[in-house]
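Only one chain is given next, in structure tokens, and it is the form predicted on its own.
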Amino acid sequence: MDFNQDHFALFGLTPTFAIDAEALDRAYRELQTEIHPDRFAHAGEAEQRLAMQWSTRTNEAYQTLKSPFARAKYLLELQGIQAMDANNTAMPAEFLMQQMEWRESLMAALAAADYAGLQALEQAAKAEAERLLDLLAADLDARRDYPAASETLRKYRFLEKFLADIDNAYAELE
């Protein structure tokens, strides 16, 4: 096995955002069957260590490709783009305004213990997240517009955090 392979090559997949999740799962299971450290329990220490390294690398690669956010970030990194760089914080004003409005709505729903309001907010945020995932696929796979994909990914990250905040609001109300 080659430690210089990218995550996609490791699983025999084409490096694209829109991946076949079943093919990824299947390739992961097959690879884990071959390299799982338990298979090397009676091997020498060097082989056991190598099996552990491969298993760790395989798990990390699988987790990266399984997550839409991590997969997009990784694809951009393969292009030399650090989308989530702390110095890269520019966002369109209209997107920031939408975020502020949603946050205000979240606080109001939480203060009023308004489950219906939280559900409506959650549905709107999930719909926007899905739209951004579709846009990411187009930016990365069809147009290969990596700067646009980088901005879309940062927007998606905002929505992931917002959806987590909505989950926390539900927990608070319970």
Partner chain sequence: MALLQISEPGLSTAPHQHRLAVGIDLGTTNSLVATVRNGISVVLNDERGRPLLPSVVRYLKDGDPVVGYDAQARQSDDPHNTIVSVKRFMGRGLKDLIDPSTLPYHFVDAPGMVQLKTVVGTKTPVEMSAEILKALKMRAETAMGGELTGAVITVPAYFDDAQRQATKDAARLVGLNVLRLLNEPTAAAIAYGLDNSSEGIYAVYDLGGGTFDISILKLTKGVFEVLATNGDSALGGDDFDRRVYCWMLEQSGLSVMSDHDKALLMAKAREAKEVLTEHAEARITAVLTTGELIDLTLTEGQFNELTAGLVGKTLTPTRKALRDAGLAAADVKGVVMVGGSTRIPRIQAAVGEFFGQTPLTNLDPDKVVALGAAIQANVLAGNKREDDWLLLDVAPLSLGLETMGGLVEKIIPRNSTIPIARAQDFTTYKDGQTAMTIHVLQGERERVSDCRSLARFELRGIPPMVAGAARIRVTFQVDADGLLSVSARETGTGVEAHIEVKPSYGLTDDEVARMLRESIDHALDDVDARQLAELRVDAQRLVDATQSALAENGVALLSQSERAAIDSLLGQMNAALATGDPSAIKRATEALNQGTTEFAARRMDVGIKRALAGHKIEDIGI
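On a predicted model such as this, the values are computed, not experimentally measured, just so you know. Positions refer to the first chain, counted from 1.
This next part talks about the form predicted in complex with the partner chain, which is not shown.
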Taking the shortest heavy atom distance, is residue 10 within 4.5 Å of the partner chain in the predicted bound form?
-> yes
Flag residue 117 as yes or no: does it have a non-hydrogen atom within 4.5 angstroms of any non-hydrogen atom of the partner chain in the predicted bound form?
-> no
May I ask you to state whether residue 51 is within 4.5 Å of the partner chain in the predicted bound form, using heavy atom distances?
-> yes
Does any heavy atom of residue 125 come within 4.5 Å of a heavy atom of the partner chain in the predicted bound form?
-> no
Interface segment, criterion being heavy atoms within 4.5 Å of the partner chain in the predicted bound form, picked from 105-113, 129-137, 145-153, 42-50 = 42-50
For the stretch 54-75, return the residues whose heavy atoms include at least one within 4.5 Å of the partner chain in the predicted bound form, in the order they occur.
-> 54, 55, 56, 59, 60, 62, 63
